[in-house]
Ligand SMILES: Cc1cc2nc3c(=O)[nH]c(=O)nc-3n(C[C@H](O)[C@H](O)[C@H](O)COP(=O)(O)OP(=O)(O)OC[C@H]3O[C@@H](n4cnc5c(N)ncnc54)[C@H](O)[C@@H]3O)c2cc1C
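Just one chain is shown here, as structure tokens, and it is the form predicted on its own.
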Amino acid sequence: MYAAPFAFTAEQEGLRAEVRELLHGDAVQRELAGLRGLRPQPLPRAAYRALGARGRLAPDWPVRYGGLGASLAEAAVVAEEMALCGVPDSARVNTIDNAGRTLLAAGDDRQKAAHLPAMAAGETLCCVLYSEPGAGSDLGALRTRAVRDGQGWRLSGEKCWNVGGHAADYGICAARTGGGASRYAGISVFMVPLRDGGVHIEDVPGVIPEMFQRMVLDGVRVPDDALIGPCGGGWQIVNDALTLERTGVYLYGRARRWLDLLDRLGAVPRSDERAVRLSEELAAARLLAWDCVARLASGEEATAEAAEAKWWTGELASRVARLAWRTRPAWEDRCREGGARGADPAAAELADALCEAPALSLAAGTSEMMLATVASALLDPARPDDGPVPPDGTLGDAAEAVV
């Protein structure tokens, strides 16, 4: 599909231009300017619906489900362009990349027809209910349980660090339905409606713009067809759904935009040695991310490559944010002029970036877990790339050796 290191087709470049034009429309730009500096940050619904109405929000999905029937590469083009245009992406990642990809890979025809078209149109939003107190990156420690109840299931447990739960319609929930040979066996995935009784949602105070939520599932009953894929097969489903998010394409776009904002605000001109060095590293990070996308789009197994790309781009984005922090005297006053929203949307967006950046090394898997995955592939070629990380700490030692 790509020449070395990669090249976009004319169709992909056309898609990029169309997405950029849609996101620079007046309605979308007004919405984006208005949400800067607000807590919690509202979801950019106008942006999602503008893309969804044209089949551009999920271009790799089949046409019958609201997509264009394109490939994973086209989905990555959209994700990158959204980041470069400053569109908050958590709802798209959770709805399209995670929930939607889970349904596409493991759902049956009825589940796909019932949920995917509205998700692709930007009308139905989802959040991800994986992490729990004491079970963040390691799903083997999760305690939420799903118990058989007639023709359905009852789910009980606590989920934390969820983004977008206050506005989501459904949650993709990992729950334990049994035991097995390892801690990763007996995990299943459910599509849980969040507006039904038994789901208690509360905000978790923090600095990130979109705000975390804590959700308690108090015996929530779901029908049998809420189970996605085979009972007990959730570990593999969850790992497969995170692959595109881990390519680093969106993280690269965020970092590139933040560095451009520093130039626009006169804080760090493009000619500044620090900006030049970061620009060079960003160019290399983009090659790494898109090489990973190309592998996945061609059907290759690229779990370790995706972990590598996610680790590097996430850490690089944090370094760009640290530069913004060090140079804030040159731009932060513009956030205070004209009220909380800021007279200068660029300055307000950069202030939001300082709050967002710490989470980039955590979302979709912590940097430490990404290093462990890479170490597993480098130091133990006999281990499958997508196998569970053992809880005995051996890969942590291997990760230190890689660093």
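This is a predicted model, so every value here is computed, not measured. Start at 1 and count along the sequence shown; that's the residue number.
The same protein also has a form predicted in complex with this ligand, omitted here; what follows describes it.
Heavy atoms of residue 57 never reach within 4.5 Å of this ligand in the model of the complex, leaving it off the interface. The closest heavy atom approach of residue 47 to this ligand in the model of the complex falls outside 4.5 Å. Looking at residue 230, you'd find every heavy atom of it more than 4.5 angstroms from this ligand in the model of the complex.
This ligand is not drawn, but in the model of the complex it has no heavy atom within 4.5 Å of residue 53. Heavy atoms within 4.5 Å of this ligand in the model of the complex belong, among the stretches 35-43, 66-74, 358-366, 344-352, to residues of 358-366. Among 304, 294, 160, 194, the residue placing a heavy atom within 4.5 Å of this ligand in the model of the complex is 160.
The contact residue chosen from 188, 236, 144, 131 relative to this ligand in the model of the complex is 131, the criterion being a non-hydrogen atom within 4.5 angstroms. Contact annotation for 65-102: a single residue, 94, has a non-hydrogen atom within 4.5 angstroms of this ligand in the model of the complex.
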